[in-house]
Structure formats: C-alpha cells, structure tokens
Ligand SMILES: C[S@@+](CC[C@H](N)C(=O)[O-])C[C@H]1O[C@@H](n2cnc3c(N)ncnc32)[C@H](O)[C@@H]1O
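Below you'll find only one chain, the form predicted alone, shown as structure tokens.
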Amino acid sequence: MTTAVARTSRWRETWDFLWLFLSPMGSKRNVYDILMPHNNLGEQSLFLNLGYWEQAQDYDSACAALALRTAGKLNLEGPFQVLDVGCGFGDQDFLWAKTWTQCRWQAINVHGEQLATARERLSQQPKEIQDRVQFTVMNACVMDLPEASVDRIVSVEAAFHFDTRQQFLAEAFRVLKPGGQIALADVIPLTDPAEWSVLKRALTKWGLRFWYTPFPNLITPVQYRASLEQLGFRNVAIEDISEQVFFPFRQYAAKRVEEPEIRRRVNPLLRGLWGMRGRSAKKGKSDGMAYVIVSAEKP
C-alpha cells in the first residue's frame, strides 16, 4: 500500500469512527466493522478483549488468560461440540483447541471480514487444529443450528453487543443439549439504569452507540441471574473480576499507545481514547461497571 493510499484509508477510518459518535440516528456500521487487524494492541495476537491481568505483563498473555479463565468454567474433558459466539479473529479458538484436544470448536461471528482473516489464520495452524476448528458467519440471536445440538457455549466479551443479550441467551438455551454448559465474559452495570438520572441515561445511550451496545443489555448482576434462571438455566454463577481487568488494562494501554509500532499502525482516534482513559484511571475505578464471568447449566 502506498503512503498516499494508506493516509487516505486512515482518514476514512477516522471519519467512520467519528460518525459513530456524531450521527444523531446512529450508523448502520458499528465499531467492529472498523476494528480490523491493525487496530489492536497485540504483539503476536489479534485479540480484541480487555484481558485478565492477575499475572500477565503484556496484552497477548492477558487476553489469553481471560480466554482460558472463561472457558475454564466449563467441563471440557470430553469429545464435546463447543460453540464460540462472537469469535473475532479466532485467537481464543486456536488456544482452546490446543488446550482441550478432545473438543471440536465451531466459532461464529456476524462480521464476515473478521472471519475471512480468522480462516486465513486457521490455514496456518497445524492440521489437527484445522480439523477441529470451524468459522461460520452467523447471528448470535438467530442461530442457524438445530435444537439441542451443542454441548458447550463460550463467549468472551461479546454478549453485551448482541441485540439483545436476552435473545442470545434464549437461543443458547435452545441449542444446548440437556446437561450443556455456558460461560461468558461480560460487562454489566453495578446499578439499575432505571435509577440513573435522565442526564446519565442520555449520555450513556450516546456513548453506547460507539461500542454497539443496546441499552437494554445494561442489567445488574441480580437481573442477569434472574434472566438466566427464568430461561431455565440452573447453577448460575457470576464472578466479578473487575479489579484484574479494567484498571490494569487502562494502565497498560496508556503506555502501549506511545510505542512506535502502535503509533504507526493503530488509528490515532483509538490511540487517543486508550491513552486518555489510561492516564485518568484510578485503581479499582470501573465507572460503575463490573467485568464478570457468568456460567450456568441447562438441566
């Protein structure tokens, strides 16, 4: 790509990001249509999550730790069919396939461009990984899968995007076999938005457009548990891991965006957002949000 073409592409991408904020009616595109491989913080990976930082020192290992911690809530010691919902560029699927060698992994995503990259990367994996991982374009809320057809469902930092999360959970319950399990890494508010001020609700709705998060998905831990139980799930567990996610990610990102590699390839608007959030972060501060790992079982 020539310098002039690259510069034009960068400006177009920046405009697309700004339009997500500025359009009064929102945009038909969302941030994940724009977050292509160059717009991430990884050194070797294309992960797009916040990571789990209890022991990690860099973004790649933090994101891998989050993927393993989430899937680790499931019993994967068996020849199970596992569905990864919202798979991004596929890093977690390669990791899981190497970790749990008896399982087969079907990874779905609505973003065809991301899946094209995931499939290309899959072709570079060992054959035994290629044989057990499949990428499919599919809507999480209208799954083209038979009833009771999968053993396990896992989703890392995607469910809050689904329109709506509740519809996704209903679909998950439908496609899980009896005894099937689900595990999600998710972000939710600590307080009920119904109790927020009018101004806070309005500002939140505006900001959520950028991250393509429907406002009805803002439910508290208590409401989350109730929604799962009402669908028929049992043994619901919700673990808050916020302290090992929000603050350390922001601190790391604020330093990472100053590195020459990131300044060269990552969109300047994203760099600015990550850097600003990192410099203003206070330990334990989560802006009233909780980062949780949710797990449950279908009877």
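Since we're looking at a predicted model, the values are computed, not measured. Residues carry their position along the shown sequence, with the first being 1.
There is another form of this protein, the form predicted together with the ligand, and it is not shown here; the text below is about that form.
The three residues D151, I182 and S295 each lack any heavy atom within 4.5 Å of the ligand in the predicted complex. Residue contact with the ligand in the predicted complex: L145 places no heavy atom within 4.5 Å of it. Mapping the unseen interface onto this chain, A97 falls outside it, with no heavy atom inside 4.5 Å of the ligand in the predicted complex.
Mapping the unseen interface onto this chain, L122 falls outside it, with no heavy atom inside 4.5 Å of the ligand in the predicted complex. In the predicted complex, the ligand stays beyond 4.5 Å of every heavy atom belonging to L228. Scanning A118, L74, L169, V156 against the ligand in the predicted complex with a 4.5 Å heavy atom cut-off leaves one residue, V156.
Taking a 4.5 Å heavy atom cutoff to the ligand in the predicted complex, the contact residue among L208, I219, M138, V187 is M138. Residues of just one listed stretch (220-228, 126-134, 81-89, 198-206) have heavy atoms within 4.5 Å of the ligand in the predicted complex: 81-89. Using a 4.5 Å cut-off on any heavy atom, the residues of 39-67 that reach the ligand in the predicted complex are, in sequence order, F47, L48, N49.
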